[in-house]
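As structure tokens, one chain now follows by itself in the form predicted alone.
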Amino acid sequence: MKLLKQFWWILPLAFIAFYPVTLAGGSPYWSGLLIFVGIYVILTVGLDLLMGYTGQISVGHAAYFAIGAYASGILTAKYGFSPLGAMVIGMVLTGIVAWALGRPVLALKEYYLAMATLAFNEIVVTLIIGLEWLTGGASGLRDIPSFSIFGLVLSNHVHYYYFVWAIVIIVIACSLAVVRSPFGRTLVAIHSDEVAARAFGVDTAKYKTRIFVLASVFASMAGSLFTHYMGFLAPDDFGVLTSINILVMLFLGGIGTIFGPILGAFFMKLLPELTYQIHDYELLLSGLILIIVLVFMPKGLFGIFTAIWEKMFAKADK
């Protein structure tokens, strides 16, 4: 049991490794479902760094998802860039936008910060619709090529599945390294008491901006992966509803945990498979789930699983 407690992470890795050839049964649909889960894990883990560890509210995370997606889509579909190069350019562009926006916006607090990030999300969607000559407007951007690495085209759904989840694992590993470093401990101090952290000489604006940029770059990466899997982009994919869904995934899984968002993304992406008959009420359902979690499950699904896990080992040790 001690060995299992120490190496518990082997179980989810085994699930990810064997899922396409076992539970998915080689089905493009079921592999595709887990590809979407992986993309949303990247989005939600980045938001967790910003909200869960630094305490900065963002209700417009889908804006950076959109910037990465459209940058990658436009560069590959219209200008012949390689998908990998377009992804990198999209991440750099998103990082610059986040850095320019970060300092003034993160100076705001609570509701004002939430409204500013929400407004930015709406501005990005409005620009996507307005710049029809570049983005395709409301009709969408078409003919986006599949992802390719050094000439190897990942058009097979199983290949793309493993590619996406390899990036997910790297993102999670990087995020864990960040939160366990002195930089991460400073973020937690800012979250606990920003005034006290500033009194001890911490440049809080610099730290908040840096983590804001990192979270945005993760979202941009997720956007590129989404683009080349779908082959088509529409503004509706990046609206406020998407930002709300990312928030619900974060709180449902367990904010400030890194691993919690994985559970939240799994639950929220698999939920429509069970409730497809009431998909018109998706926003209402997301709101109800968020309220229930905030009131009755403040530590989210990860908190529940952690409590059960610890009780199991406590009984085994007796």
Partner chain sequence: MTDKRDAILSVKNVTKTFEGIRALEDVSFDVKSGHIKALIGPNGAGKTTLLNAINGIMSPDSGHIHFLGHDVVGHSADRVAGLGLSRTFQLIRMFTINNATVLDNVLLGAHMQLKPTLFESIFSRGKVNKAERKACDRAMELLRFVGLEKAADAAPGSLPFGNQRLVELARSLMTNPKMLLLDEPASGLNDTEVESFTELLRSIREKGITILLVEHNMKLVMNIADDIVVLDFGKKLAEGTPQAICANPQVIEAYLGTTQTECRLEP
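Numbering follows the first chain given and starts at 1. The model shown is predicted, which means the values in this text are computed figures rather than measured ones.
Beyond the structure shown, there is the form predicted in complex with its partner chain, which is absent from this document and is the topic of what follows.
Stretch 48-56 is the answer when you ask which of 48-56, 65-73, 259-267, 30-38 has residues with heavy atoms within 4.5 Å of its partner chain in the predicted bound form. Only one of the listed residues (158, 234, 84, 188) places a non-hydrogen atom within 4.5 angstroms of its partner chain in the predicted bound form, and that residue is 188. Contact check for residue 180: a non-hydrogen atom falls within 4.5 Å of its partner chain in the predicted bound form. Though the partner is left out of this view, residue 207 does reach within 4.5 Å of its partner chain in the predicted bound form, counting heavy atoms only. Using a 4.5 angstroms threshold between heavy atoms, residue 79 stays clear of its partner chain in the predicted bound form. A residue is said to contact a partner when one of its heavy atoms sits within 4.5 Å of a partner heavy atom; residue 139 fails this definition for its partner chain in the predicted bound form, lying far away. Along 66-93, not one residue places a heavy atom within 4.5 Å of its partner chain in the predicted bound form.
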